[in-house]
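Presented as structure tokens, the chain that follows is alone, the form predicted alone.
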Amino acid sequence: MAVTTGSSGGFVLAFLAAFGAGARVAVAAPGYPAYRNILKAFDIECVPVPVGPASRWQLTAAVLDTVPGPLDGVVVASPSNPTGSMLSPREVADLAVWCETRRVRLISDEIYHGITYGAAAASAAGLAPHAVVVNSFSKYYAMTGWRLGWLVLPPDLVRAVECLQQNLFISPPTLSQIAAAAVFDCIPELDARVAAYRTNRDILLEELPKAGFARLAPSDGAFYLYADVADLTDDSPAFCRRMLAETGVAVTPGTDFDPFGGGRTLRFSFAGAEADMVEAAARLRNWRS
């Protein structure tokens, strides 16, 4: 295990330690854009794999079977940003077997673990002997901006990550580590925050379809709703700019997450106050009526 300077620092360490220049690494589209950007910076070929309702917006073993050419790595996120979808325990186990039998390195982004609205999220730790797990204090522990996270590493990558950590980051900030030690005594408050996210999610799931945003990815975890708006626009950045100007409601265009179909999707975040969710939904209903 290695302590890192947040989730992005964790991916920097994981990608540098696990892959060489020219390696091919599969990521879901839509998916967190930093995966693509960091891989590109290291001259690692990012292989975006379109996912949708058929696989519940996740890279599964069955989806990976359709990817042409050999792979050196696979990045999965459960719960996912931007869709909030999750892999089932069986799907995580199947992915672990798929990667192990093909000698493909599995990188599991688990930074939204703890923010789920049904079953707990399954971890790749213990299932895939050569997997790398990336986690962070940012989301469940509500320490976004404190730049503190951790990696769970297989033995063959420990020394490489130690050397990279020493040269790139040295260590996370001392104040962040002290603050993080205190959050383990705050579990009731953190769980109450997750319950508040669930309330916000339920409000938007009820109200957004009334405003014409009915095709939503399953928000099993995290604090996002991903909407298919192909019936409204094929230019999501322009649509988001108009929405902001005319309603004061800010959402993220899907082009941030999906180089293929992102012009027809949006991401809503429900990490704010309940009153803000109610007000935003009312404004969008009025806007679309």
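As the structure is a computational prediction, the values presented were derived from the model and not from experiment. So that there is no doubt, residue numbering starts at 1 and follows the sequence shown.
Note that the form predicted in complex with a small molecule isn't included here; everything after this is about it.
- Of the heavy atoms in I111, some are within 4.5 Å of the small molecule in the predicted bound form.
- Heavy atoms of R105 never reach within 4.5 Å of the small molecule in the predicted bound form, leaving it off the interface.
- Although the partner is absent here, K139 sits close enough that one of its heavy atoms falls within 4.5 Å of the small molecule in the predicted bound form.
- Within this chain, F239 is remote from the site of the small molecule in the predicted bound form, having no heavy atom within 4.5 Å.
- Contact annotation: the small molecule lies within 4.5 Å of heavy atoms from the stretch 130-138 in the predicted bound form, the single such stretch among 179-187, 203-211, 130-138, 151-159.
- The three residues S7, Y35 and N81 all sit with a heavy atom within 4.5 Å of the small molecule in the predicted bound form.
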